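Next comes just one chain, in C-alpha cells: the form predicted alone.
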C-alpha cells in the first residue's frame, strides 16, 4: 500500500510540472493560434538568469526566482510584440517557423554564455517528511509538497482570473473569436502579449521547480516540453482544464509504468496509451470537436 501511495505522490509531482508546461503551451495556442516550439528553451533561458543572479551577483534565492519570473514574462510579451506580431499577417505557419528559429537562438545563446556544464540549483524548501502507515513508510520531500501546492495554487488562480476578471474574460473572448473581440473594443494586441507573457512565465516556474533534480543545462526543459505537448494533446489542445488533466494523468501513468513495468519504456508505453485515446477521441479527453461548414 505504501509503495503504491509513494508512486502516486511522485506521479502527481511529475504530473503537476507537466500540467504547468501544458497549461502555458495551450494558453498561448488558444489565444494566438500558434504552438510555441521555443517554449521550453525560453523557460531554460529564464532560469539561467536566476542562476546568474544567485551565484554571480549574490542575490537571495527568493529575489533571483522573482527576477526569473519577471524576465520570463517580459521575454514572452516582447517575443510576441516584437517578432510574432510582425509576421502574423502572413500565416500561422510563418509564426510556427519563427518559434523554431527562436528555439535555436535561445539554445545557441545559452551554449555561448553558460556552456554545456550542468549547474546545480537549490531547492526552494529543504527537508523530508516521513509518514508511517502500518508497517510501511512514506518519504515525501518538502520540495515535492511545494511543487504540488504551487501547481494547485497557479491552476486555481488562473481559473478564478479567467472567469471573474475583465482581463480574463477578454482573453477568453479573444481565444473564441478574434474578430468579434475586436468589435467589442478589446485590445487584441495587448491580450496576445499578455498571454505570451503569462504562458512563458509558467514555463519559467516549471524550470525553477524542476531544476534541483534535473540540474540547469541548455537542454533541461526539452523532456518537459515534449511531455507538456503530449499532455496537452491528451487533455485537448483547445482546453485549459484539459491541459491540466492531461498533464497530471500523463505524469501518474509514466510513474506507474516506470515503477511496475519498465523505466526505460515508460515514455513509449505512455505515448502508446495516448495514441489509443486519440484514436478513440481525436479531440482529446476534454477538447471540443471541430465543426466544419459544408
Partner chain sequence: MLKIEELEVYYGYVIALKGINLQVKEKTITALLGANGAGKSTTLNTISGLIRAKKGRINYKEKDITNEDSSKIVKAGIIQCPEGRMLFPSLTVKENLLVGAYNRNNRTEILQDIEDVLTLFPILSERKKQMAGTLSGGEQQMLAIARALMAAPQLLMLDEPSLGLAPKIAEQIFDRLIMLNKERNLTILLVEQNANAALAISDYAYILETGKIGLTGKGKELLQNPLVRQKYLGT
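Residue numbers count along the first chain shown, from 1. These figures come from a predicted structure and were not determined experimentally.
The same protein also exists as the form predicted in complex with its partner chain; that form is not shown, yet it is the one meant from here on.
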(request) Using a 4.5 Å heavy atom cut-off, indicate which stretch of 68 to 76, 166 to 174, 110 to 118, 216 to 224 touches its partner chain in the model of the complex. (result) 166 to 174
(message) So in the model of the complex, is its partner chain close enough to residue 185 to count as touching (4.5 Å, heavy atoms)?
(response) yes
(message) How about residue 156 - does it come within 4.5 Å of its partner chain in the model of the complex, if we only consider non-hydrogen atoms?
(response) no
(message) Residue-level question: is residue 180 within 4.5 Å of its partner chain in the model of the complex, judged on heavy atoms?
(response) yes
